[in-house]
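Only one chain is given next, in C-alpha coordinates, and it is the form predicted on its own.
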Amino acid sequence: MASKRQTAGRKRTRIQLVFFVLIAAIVINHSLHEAGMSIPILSSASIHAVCPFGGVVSIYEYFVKGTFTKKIHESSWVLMWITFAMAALFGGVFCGWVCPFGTFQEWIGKLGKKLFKKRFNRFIPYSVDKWLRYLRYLVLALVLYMTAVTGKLFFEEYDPYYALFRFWTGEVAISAFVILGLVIIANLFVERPFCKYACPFGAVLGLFNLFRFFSIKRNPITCTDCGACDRNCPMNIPVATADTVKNHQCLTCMKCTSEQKCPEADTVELMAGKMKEAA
(Lines give C-alpha, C1' and ligand atoms only; values in the text may rest on other atoms or scores of the structure.)
Protein backbone atom coordinates (compact mmCIF):
# COMPACT_ATOMS: atom_id res chain seq x y z
CA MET A 1 0.00 0.00 0.00
CA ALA A 2 2.85 2.37 0.94
CA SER A 3 4.65 1.77 -2.35
CA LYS A 4 1.45 2.49 -4.32
CA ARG A 5 1.02 5.76 -2.44
CA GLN A 6 4.61 6.76 -3.12
CA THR A 7 4.08 6.01 -6.80
CA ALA A 8 0.90 8.14 -6.88
CA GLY A 9 2.74 11.05 -5.28
CA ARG A 10 5.70 10.71 -7.62
CA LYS A 11 3.47 10.91 -10.69
CA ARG A 12 2.37 14.40 -9.77
CA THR A 13 5.91 15.42 -8.87
CA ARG A 14 7.21 14.24 -12.24
CA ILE A 15 4.46 16.04 -14.13
CA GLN A 16 5.17 19.24 -12.19
CA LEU A 17 8.89 18.95 -12.96
CA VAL A 18 8.23 18.36 -16.67
CA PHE A 19 6.10 21.50 -16.97
CA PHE A 20 8.53 23.60 -14.92
CA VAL A 21 11.48 22.57 -17.09
CA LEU A 22 9.44 23.01 -20.27
CA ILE A 23 8.34 26.55 -19.44
CA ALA A 24 11.85 27.49 -18.27
CA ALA A 25 13.33 26.12 -21.49
CA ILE A 26 10.80 27.98 -23.67
CA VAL A 27 11.47 31.26 -21.85
CA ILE A 28 15.25 30.82 -22.15
CA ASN A 29 14.88 29.93 -25.83
CA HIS A 30 12.84 33.10 -26.33
CA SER A 31 15.77 35.14 -25.01
CA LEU A 32 18.18 33.21 -27.25
CA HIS A 33 15.90 33.84 -30.23
CA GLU A 34 15.94 37.57 -29.52
CA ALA A 35 19.76 37.38 -29.51
CA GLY A 36 19.80 35.67 -32.89
CA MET A 37 20.13 32.12 -31.56
CA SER A 38 17.67 29.40 -30.63
CA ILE A 39 17.41 25.75 -29.66
CA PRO A 40 16.13 23.63 -32.58
CA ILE A 41 12.61 22.16 -32.27
CA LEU A 42 11.94 23.94 -28.94
CA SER A 43 9.39 26.77 -29.10
CA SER A 44 10.74 30.31 -28.80
CA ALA A 45 7.42 31.77 -27.64
CA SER A 46 7.38 34.46 -24.97
CA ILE A 47 6.24 33.70 -21.43
CA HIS A 48 3.01 35.59 -22.18
CA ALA A 49 2.26 33.26 -25.08
CA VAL A 50 2.36 30.18 -22.85
CA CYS A 51 0.36 31.58 -19.93
CA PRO A 52 -3.42 30.96 -20.02
CA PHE A 53 -4.10 33.92 -17.73
CA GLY A 54 -3.26 36.17 -20.68
CA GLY A 55 -6.48 34.97 -22.25
CA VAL A 56 -8.45 35.95 -19.14
CA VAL A 57 -7.15 39.53 -19.08
CA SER A 58 -7.93 39.81 -22.80
CA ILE A 59 -11.58 38.80 -22.52
CA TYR A 60 -12.91 42.37 -22.31
CA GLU A 61 -10.76 43.69 -25.16
CA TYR A 62 -11.46 40.67 -27.34
CA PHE A 63 -15.23 40.92 -27.13
CA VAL A 64 -15.31 44.72 -27.30
CA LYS A 65 -12.57 45.40 -29.86
CA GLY A 66 -11.86 41.98 -31.34
CA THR A 67 -8.18 42.19 -30.33
CA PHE A 68 -5.96 40.91 -27.53
CA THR A 69 -4.35 42.94 -24.78
CA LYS A 70 -0.88 44.22 -25.68
CA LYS A 71 1.79 41.44 -25.44
CA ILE A 72 -0.87 38.73 -25.30
CA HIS A 73 -0.90 36.13 -28.06
CA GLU A 74 -3.67 34.01 -29.54
CA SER A 75 -2.01 30.97 -27.96
CA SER A 76 -2.88 32.35 -24.50
CA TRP A 77 -6.52 32.51 -25.57
CA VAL A 78 -6.44 28.87 -26.70
CA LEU A 79 -4.63 27.76 -23.54
CA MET A 80 -7.23 29.57 -21.43
CA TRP A 81 -10.07 27.53 -22.92
CA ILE A 82 -8.11 24.29 -22.57
CA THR A 83 -7.46 25.13 -18.91
CA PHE A 84 -11.12 26.00 -18.37
CA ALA A 85 -12.12 22.62 -19.84
CA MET A 86 -9.70 20.87 -17.46
CA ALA A 87 -11.09 22.87 -14.55
CA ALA A 88 -14.68 21.98 -15.45
CA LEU A 89 -13.68 18.33 -15.21
CA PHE A 90 -11.13 18.29 -12.38
CA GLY A 91 -11.21 21.69 -10.68
CA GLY A 92 -7.88 23.36 -9.87
CA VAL A 93 -5.77 20.63 -11.45
CA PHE A 94 -3.82 23.26 -13.44
CA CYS A 95 -2.70 24.89 -10.18
CA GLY A 96 -1.82 21.60 -8.51
CA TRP A 97 -0.17 19.77 -11.39
CA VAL A 98 0.89 22.20 -14.11
CA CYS A 99 1.58 25.76 -12.93
CA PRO A 100 5.36 26.26 -12.63
CA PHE A 101 5.00 28.98 -10.01
CA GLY A 102 2.85 26.71 -7.86
CA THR A 103 5.56 24.05 -8.16
CA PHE A 104 8.23 26.60 -7.21
CA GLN A 105 6.27 27.46 -4.07
CA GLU A 106 6.02 23.78 -3.14
CA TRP A 107 9.79 23.47 -3.37
CA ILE A 108 10.29 26.47 -1.08
CA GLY A 109 7.67 25.01 1.24
CA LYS A 110 9.79 21.89 1.74
CA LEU A 111 12.40 24.09 3.41
CA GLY A 112 9.69 25.63 5.59
CA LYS A 113 8.59 22.16 6.68
CA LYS A 114 12.14 21.31 7.72
CA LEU A 115 12.45 24.54 9.68
CA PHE A 116 9.09 24.54 11.45
CA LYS A 117 7.95 20.92 11.12
CA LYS A 118 4.32 20.58 12.34
CA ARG A 119 3.94 24.33 12.83
CA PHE A 120 4.50 24.92 9.12
CA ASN A 121 1.32 26.05 7.37
CA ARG A 122 -0.40 26.38 10.76
CA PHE A 123 0.75 29.86 11.83
CA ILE A 124 -2.43 31.67 10.74
CA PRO A 125 -5.62 30.65 12.59
CA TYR A 126 -8.19 29.12 10.26
CA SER A 127 -10.81 31.63 11.43
CA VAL A 128 -8.62 34.40 9.97
CA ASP A 129 -7.11 32.44 7.10
CA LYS A 130 -10.46 31.49 5.54
CA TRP A 131 -11.26 35.18 4.99
CA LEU A 132 -7.79 36.14 3.78
CA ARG A 133 -8.24 33.69 0.92
CA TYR A 134 -10.82 35.95 -0.70
CA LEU A 135 -8.14 38.61 -1.21
CA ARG A 136 -7.22 36.97 -4.51
CA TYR A 137 -10.68 37.82 -5.86
CA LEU A 138 -9.99 41.48 -5.10
CA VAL A 139 -6.68 41.11 -6.94
CA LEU A 140 -8.51 39.51 -9.88
CA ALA A 141 -11.06 42.34 -10.02
CA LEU A 142 -8.31 44.98 -9.88
CA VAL A 143 -6.24 43.30 -12.59
CA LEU A 144 -9.20 42.89 -14.94
CA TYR A 145 -10.37 46.47 -14.39
CA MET A 146 -6.94 48.08 -14.82
CA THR A 147 -6.14 45.97 -17.88
CA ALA A 148 -9.45 46.90 -19.49
CA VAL A 149 -8.97 50.61 -18.72
CA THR A 150 -5.33 50.90 -19.76
CA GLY A 151 -5.27 48.32 -22.55
CA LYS A 152 -1.91 47.17 -21.18
CA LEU A 153 -0.78 44.10 -19.29
CA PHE A 154 -1.21 45.73 -15.87
CA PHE A 155 -0.29 42.68 -13.78
CA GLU A 156 3.13 42.26 -15.43
CA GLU A 157 4.64 44.89 -13.12
CA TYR A 158 3.54 42.96 -10.03
CA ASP A 159 3.68 39.35 -11.21
CA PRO A 160 6.14 37.20 -9.21
CA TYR A 161 5.80 34.42 -11.80
CA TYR A 162 7.05 36.80 -14.49
CA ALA A 163 9.88 37.96 -12.21
CA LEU A 164 10.97 34.37 -11.55
CA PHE A 165 11.14 33.36 -15.21
CA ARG A 166 12.50 36.64 -16.63
CA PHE A 167 14.77 37.86 -13.83
CA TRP A 168 17.88 38.07 -16.04
CA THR A 169 16.37 40.20 -18.81
CA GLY A 170 16.25 43.64 -17.25
CA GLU A 171 12.57 43.84 -18.25
CA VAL A 172 11.16 43.01 -14.81
CA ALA A 173 9.82 45.85 -12.65
CA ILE A 174 11.23 46.30 -9.14
CA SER A 175 7.72 45.84 -7.75
CA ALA A 176 7.55 42.32 -9.23
CA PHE A 177 10.90 41.43 -7.64
CA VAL A 178 9.71 42.77 -4.28
CA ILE A 179 6.55 40.67 -4.44
CA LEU A 180 8.57 37.60 -5.47
CA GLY A 181 10.82 38.12 -2.45
CA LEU A 182 7.82 38.47 -0.13
CA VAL A 183 6.28 35.30 -1.56
CA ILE A 184 9.51 33.36 -0.97
CA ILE A 185 9.74 34.57 2.63
CA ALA A 186 6.05 33.89 3.32
CA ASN A 187 6.48 30.44 1.78
CA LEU A 188 8.73 29.45 4.66
CA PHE A 189 5.71 29.78 6.96
CA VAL A 190 2.69 29.16 4.71
CA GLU A 191 2.18 26.58 1.95
CA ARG A 192 1.65 28.26 -1.45
CA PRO A 193 0.95 31.76 -0.09
CA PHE A 194 0.59 33.37 -3.51
CA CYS A 195 -1.88 30.68 -4.60
CA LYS A 196 -3.92 31.14 -1.43
CA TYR A 197 -4.06 34.88 -1.12
CA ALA A 198 -3.12 36.67 -4.34
CA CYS A 199 -3.18 34.60 -7.55
CA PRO A 200 -5.85 36.04 -9.87
CA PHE A 201 -5.85 33.04 -12.19
CA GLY A 202 -6.21 30.69 -9.22
CA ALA A 203 -9.23 32.77 -8.21
CA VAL A 204 -10.83 32.14 -11.60
CA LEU A 205 -10.11 28.41 -11.60
CA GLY A 206 -11.29 28.10 -8.00
CA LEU A 207 -14.83 28.90 -9.11
CA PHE A 208 -14.91 25.67 -11.13
CA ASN A 209 -14.63 23.69 -7.88
CA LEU A 210 -18.25 24.58 -7.20
CA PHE A 211 -19.53 22.50 -10.13
CA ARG A 212 -16.63 20.37 -11.45
CA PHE A 213 -17.49 16.94 -12.86
CA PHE A 214 -14.91 14.94 -10.87
CA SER A 215 -14.74 15.96 -7.21
CA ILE A 216 -12.92 14.89 -4.06
CA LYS A 217 -15.48 12.89 -2.10
CA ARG A 218 -15.34 11.44 1.41
CA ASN A 219 -17.30 8.39 2.49
CA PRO A 220 -18.57 9.12 6.04
CA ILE A 221 -19.36 5.42 6.52
CA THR A 222 -15.77 4.22 6.24
CA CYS A 223 -14.14 7.43 7.51
CA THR A 224 -12.55 7.00 10.96
CA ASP A 225 -12.15 10.74 11.62
CA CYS A 226 -8.37 10.36 11.91
CA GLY A 227 -7.82 13.79 10.33
CA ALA A 228 -5.11 12.62 7.91
CA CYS A 229 -6.86 14.35 5.01
CA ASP A 230 -6.94 17.68 6.84
CA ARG A 231 -3.31 17.46 7.98
CA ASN A 232 -2.04 16.71 4.48
CA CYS A 233 -4.07 19.28 2.56
CA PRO A 234 -1.63 22.03 1.50
CA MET A 235 -4.51 24.51 1.26
CA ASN A 236 -5.82 23.76 4.80
CA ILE A 237 -9.23 22.69 3.50
CA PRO A 238 -11.38 20.89 6.13
CA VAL A 239 -11.85 17.71 4.09
CA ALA A 240 -12.76 15.58 7.13
CA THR A 241 -16.08 17.40 7.59
CA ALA A 242 -17.13 17.42 3.94
CA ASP A 243 -18.87 14.74 1.92
CA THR A 244 -17.87 16.54 -1.30
CA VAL A 245 -15.04 19.09 -1.36
CA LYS A 246 -16.31 22.22 -3.09
CA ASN A 247 -13.81 24.62 -1.60
CA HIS A 248 -12.63 27.27 -4.07
CA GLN A 249 -9.01 26.61 -3.04
CA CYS A 250 -8.83 22.90 -3.88
CA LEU A 251 -5.88 22.10 -6.19
CA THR A 252 -6.86 18.47 -6.84
CA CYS A 253 -3.34 17.58 -5.67
CA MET A 254 -4.75 14.27 -4.34
CA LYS A 255 -2.72 14.48 -1.11
CA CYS A 256 -5.86 13.96 0.98
CA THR A 257 -7.08 10.87 -0.86
CA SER A 258 -6.95 7.17 -0.06
CA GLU A 259 -4.57 6.90 -2.99
CA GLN A 260 -2.01 8.92 -1.05
CA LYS A 261 -2.61 9.75 2.63
CA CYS A 262 -6.01 8.55 3.84
CA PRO A 263 -5.36 5.23 5.70
CA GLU A 264 -8.78 3.83 4.78
CA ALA A 265 -9.26 2.36 1.30
CA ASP A 266 -12.00 3.86 -0.91
CA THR A 267 -12.78 6.58 1.62
CA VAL A 268 -11.46 9.83 0.16
CA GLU A 269 -11.42 9.65 -3.63
CA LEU A 270 -11.57 11.69 -6.81
CA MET A 271 -14.71 10.58 -8.57
CA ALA A 272 -17.86 11.58 -10.43
CA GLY A 273 -21.33 11.17 -9.00
CA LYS A 274 -22.06 10.00 -5.47
CA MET A 275 -19.65 8.09 -3.25
CA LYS A 276 -20.56 4.42 -3.04
CA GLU A 277 -21.44 3.55 0.53
CA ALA A 278 -20.05 0.48 2.20
CA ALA A 279 -22.43 -2.47 2.47
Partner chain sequence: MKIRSNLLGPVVLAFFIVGIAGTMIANYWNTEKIKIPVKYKTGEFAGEYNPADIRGSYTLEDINKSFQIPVEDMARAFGFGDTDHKNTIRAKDIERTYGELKQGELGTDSLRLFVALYTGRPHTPEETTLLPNQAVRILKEKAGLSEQQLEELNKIKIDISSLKPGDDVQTEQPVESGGLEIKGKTTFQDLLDGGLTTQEIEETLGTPMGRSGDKVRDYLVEKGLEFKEYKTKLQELADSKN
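Residue numbers count along the first chain shown, from 1. Quick caveat: nothing in here was measured; it's all calculated off a predicted structure.
FYI, the form predicted in complex with its partner chain isn't displayed, but the following is about it.
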item	value
Among the candidates 190, 195, 163, 93, the residue which, in the predicted bound form, approaches its partner chain to within 4.5 Å (heavy atoms)	93
Listed residue that, although its partner chain is not shown, lies within 4.5 Å of it in the predicted bound form (heavy atoms), from 209, 75, 103, 121	75
Residue 89 within 4.5 Å of its partner chain in the predicted bound form, heavy atoms	yes
is_contact(residue 70, its partner chain) in the predicted bound form, heavy atom dist at most 4.5 Å	yes
Residue 152: touches its partner chain in the predicted bound form, heavy atom cutoff 4.5 angstroms	yes
Partner proximity in the predicted bound form: residue 271 to its partner chain, non-hydrogen atom cutoff 4.5 Å	yes
Triple contact flag 24, 40 and 225 to its partner chain in the predicted bound form, non-hydrogen atom at 4.5 angstroms	no
Which of 121-129, 104-112, 144-152, 172-180 lines the interface with its partner chain in the predicted bound form (heavy atom within 4.5 Å)	144-152
Residues of 56-72 having any heavy atom within 4.5 Å of its partner chain in the predicted bound form, listed in sequence order	61, 62, 65, 68, 70
